[in-house]
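Below, in structure tokens: the form predicted alone, a single chain.
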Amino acid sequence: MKLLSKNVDKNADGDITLIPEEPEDLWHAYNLISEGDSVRGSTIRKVQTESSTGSSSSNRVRTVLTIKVESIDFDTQACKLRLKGRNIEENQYVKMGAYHTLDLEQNRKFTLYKPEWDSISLERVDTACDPTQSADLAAVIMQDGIAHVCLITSNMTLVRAKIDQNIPRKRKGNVSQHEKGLARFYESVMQAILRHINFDVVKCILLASPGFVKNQFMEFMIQEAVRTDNKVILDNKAKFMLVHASSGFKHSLREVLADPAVVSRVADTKAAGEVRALQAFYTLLQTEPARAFYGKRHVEKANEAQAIETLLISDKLFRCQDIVTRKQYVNLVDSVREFGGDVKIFSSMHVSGEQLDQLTGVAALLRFPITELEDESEDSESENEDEK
């Protein structure tokens, strides 16, 4: 994302002009824009004109509109962002108050006005405009017949290709059909890797599977690369890292990213940091439950005691339509930082973020145990069981 201008005054009121340069930048824009904000951008509008003779014709014209956002729709697969709202500035083609849908696109600037830029929104702008943020990690999760080729950016896990092929079983005295099916499957996975992974950007490709599938595939890919003189694979074979996964499905990524060998290899990516923090939370929940809590009420109480060492919070909570609730979460983040705590904002587009969302979207690791909170949570659990 490129920052063109930033006009935010000391009351946190103002506008910021940005240009999305990559698909992931539109994900940042989706997290930045809230209902009630104003967005100014270039759009195409169908205009009907009537000639002096009474005949009418319609033309599509490009114009610049400012709309007050009423609904936001983000297509995660195509990375497209659509904003619907009423026009709030004079325009020769569109009446004041008329509805229009604004499509935010790559390489086309837009200006976002907010009556109040909170710390989370400003931090999001800084993150989006940081040139070091890129999809430098890829993963191929596979098992016999199924494979997912994923790109892991600092904010999203994008499934770029899914390969699902039927492989005939080995039959006594006839394994040729099985081997042919396996070769076809491996060829499809190899082509998906070449098509979707940019080896100039990606530093590491995780090849994960149960059993020896990954080893057999790697062997096949190198042999094919040698046979076809594929320089891309041969020059980058050191970037492939073979790791264990329990299945060929996307959810296995969480355990892959938690593998200590993988963590040390991809230590500089945000995704690995999130997985480590979530792993530490689960470990603490089992070994020292009085120092690990989740749920808004318990986390807020722990914060009042200035006990939070690390706050884990999902970015989904900052897209809340209720402004009061959003402000409560923003205040919680600001307060934890003020007391010297670390805050990790998880992306709901990552497998680790999806898991945190299942735990209410907010959790905390404490500096010291708070037994009263533990007793309180046990009481509420027993009450719930009694009600059942």
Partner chain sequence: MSRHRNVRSMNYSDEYDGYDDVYGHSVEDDYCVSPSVSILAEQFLFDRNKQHNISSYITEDDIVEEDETQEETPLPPSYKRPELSVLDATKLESCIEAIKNVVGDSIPESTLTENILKHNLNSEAALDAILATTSSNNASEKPAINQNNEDLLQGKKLTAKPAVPVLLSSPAVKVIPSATRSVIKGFDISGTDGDFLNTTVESPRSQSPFSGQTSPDIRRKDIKTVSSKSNTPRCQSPAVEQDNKSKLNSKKLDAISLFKNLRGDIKEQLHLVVVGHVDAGKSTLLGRLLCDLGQVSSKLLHKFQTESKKIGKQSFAYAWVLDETGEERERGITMDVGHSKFETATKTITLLDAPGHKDFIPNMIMGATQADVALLVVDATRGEFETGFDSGGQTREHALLLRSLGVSQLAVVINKLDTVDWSKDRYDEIVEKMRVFLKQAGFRDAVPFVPCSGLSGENLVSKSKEEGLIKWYNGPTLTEVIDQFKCPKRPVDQPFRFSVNDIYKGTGSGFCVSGHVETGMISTSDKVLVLPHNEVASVRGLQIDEMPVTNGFAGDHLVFTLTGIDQQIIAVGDLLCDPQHLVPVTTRFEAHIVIFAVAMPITRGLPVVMHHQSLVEPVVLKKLIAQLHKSSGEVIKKKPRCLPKNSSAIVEIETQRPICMELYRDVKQLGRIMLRVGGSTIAAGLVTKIY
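Just so it is clear, the model here is predicted, and its values are computed rather than measured. Positions refer to the first chain, counted from 1. Note that the rigid core is defined as the largest set of C-alphas that superpose within 1.5 Å between two forms.
Keep in mind that the form predicted in complex with the partner chain is not shown, yet the notes after this line are about it.
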- Message: Residue-level question: is Glu255 within 4.5 Å of the partner chain in the predicted complex, judged on heavy atoms?
- Response: yes
- Does the partner chain come within 4.5 Å of any heavy atom of Ala292 in the predicted complex? yes
- Query: Would Tyr329 count as a contact of the partner chain in the predicted complex, using a 4.5 angstroms cut-off between non-hydrogen atoms?
  - Reply: no
- Query: Using heavy atoms and a 4.5 Å limit, would one call Arg319 a contact residue for the partner chain in the predicted complex?
  - Reply: yes
- Task: Give a yes or no on whether each residue among Ser34, Gln279 and Thr283 has a heavy atom within 4.5 Å of the partner chain in the predicted complex.
- Result: yes
- Message: Under a 4.5 angstroms heavy atom criterion, identify the one residue in Asn198, Thr228, Gln106, Gln191 near the partner chain in the predicted complex.
- Response: Gln191
- Note on the structure: From Lys95, Arg82, Lys237, Arg297: within 4.5 Å of the partner chain in the predicted complex by heavy atoms is Arg82
- Task: Counting only non-hydrogen atoms, choose the one of 87-95, 303-311, 122-130, 210-218 that falls within 4.5 Å of the partner chain in the predicted complex.
- Result: 210-218
- Item | the partner chain in the predicted complex - contacting residues of 233-251, heavy atom within 4.5 Å | His244, Ser246, Ser247, Phe249, Lys250, His251
- Message: Please state whether Tyr294 has a C-alpha shift of 2 Å or more between this form and the one not shown, with the rigid core used for the fit.
- Response: no
- Message: Using a rigid core superposition, assess whether Phe220 undergoes a CA shift of 2 Å or more between this form and the one not shown.
- Response: yes
- Message: After superposing the rigid core, is the C-alpha displacement of Arg108 2 Å or more between this form and the one not shown?
- Response: no
